[in-house]
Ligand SMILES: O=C1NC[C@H](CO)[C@@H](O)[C@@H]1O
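A single chain, nothing else alongside it, follows as structure tokens in the form predicted on its own.
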């Protein structure tokens, strides 16, 4: 329909159009729905009409992903303005209550184009890490403490312990809920459709990789974390009864290696499905300077991590999505000219476990690889991002080209398509 202002108004969606949970699986339109996804954190940035926006590139990226069977994108919905060098600029939130409407309209444009391609999106609403401002920037606003940049301090343990203070800061939590309401209750300026009625949003996600603190998190810190997940997920459901809600957890690696904590955090009825991430290099399982010597150890631990989380999902009777994993290019190199033999080998191992267990009916519901680099290219000789450079799959706190899958990585793209076909063929 055409509204009085000339905005296209969408007809009310039937419930069947939303992604729903059917026991340990997803369903959409009455069919099994398996996630063949990409992390595309910067999708809303490309959708902006000016400034950092590149709408022509966005359309090309969506078409290219759709062509290889990708049906789901994991996207950053909000970012916080910060002085930290390793954070993206600009940000959707310039200060508490002050939003960059041009960037939010970019998210609207992304959602409008995703709908045309019948893809779905997971939107995450905060970040435990500094690359989008995130929780450490909230603490800067409301405690006056410096926003911590572990790229500078090299002290991740202190960073994690202090950043978890976000969960206990009442003013930060109040503002975080304001931001959640701002996005969840938003009406798309392109389509006229409320986000809460958009069937192409699959899930709201509390944050990217929330953690209870560092690896030595105390019982009190763990209890605060579990309550925070339950409370915030419940709040989102109170605003929007149509969509799923997820945590964004890495799994055991983001739960102080405490399986009981991971289960407790996801047991609540307010969390609809489980998530986990797999990073063999980041977790020192794989040495890219010694790929042959470290491969067996890395793949053994990776297989165990992949399978053990599926078993944890069985215990809770919920689906689980492997929503991040990656490995760097051969060399190791950040150059787009370098080969990806080792990464492709790793991807095949991951895909095979996901597809095989999904075919058996286990609760693994799909994957999102990290990350889509597409047509973006690193601009600087040191491979570090600067404002004005292309966005790629690697956020500004990492070298550009570290984990990105580019549109010229033909062998990787063919491999993704191969397993996309396998997952899409599963019927339940």
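Residue numbers count along the first chain shown, from 1. Bear in mind that the values here come from a model prediction, so they are computed numbers and not experimental data.
Another form, the form predicted together with this ligand, is not on view; read the next lines as being about it.
For this ligand-free form, the site is classified open because this ligand, superimposed from its arrangement in the model of the complex, keeps every atom beyond 2.4 Å of the backbone and C-beta atoms.
In the model of the complex, no heavy atom of residue 54 sits within 4.5 Å of this ligand. A residue is said to contact a partner when one of its heavy atoms sits within 4.5 Å of a partner heavy atom; residue 140 fails this definition for this ligand in the model of the complex, lying far away. In the model of the complex, this ligand lies farther than 4.5 Å from every heavy atom of residue 362.
This ligand is not shown here, but in the model of the complex it comes within 4.5 Å of a heavy atom of residue 370. Stretch 391 to 399 is the answer when you ask which of 54 to 62, 27 to 35, 378 to 386, 391 to 399 has residues with heavy atoms within 4.5 Å of this ligand in the model of the complex. Note on contacts: among 347, 167, 129, 334, the single residue with a heavy atom within 4.5 Å of this ligand in the model of the complex is 129. Contact annotation: of the candidates 338, 173, 86, 282, the single residue with a non-hydrogen atom within 4.5 angstroms of this ligand in the model of the complex is 282. Contacts between stretch 191 to 213 and this ligand, counted in the model of the complex as any heavy atom lying within 4.5 Å, involve 208, 209, listed in sequence order.
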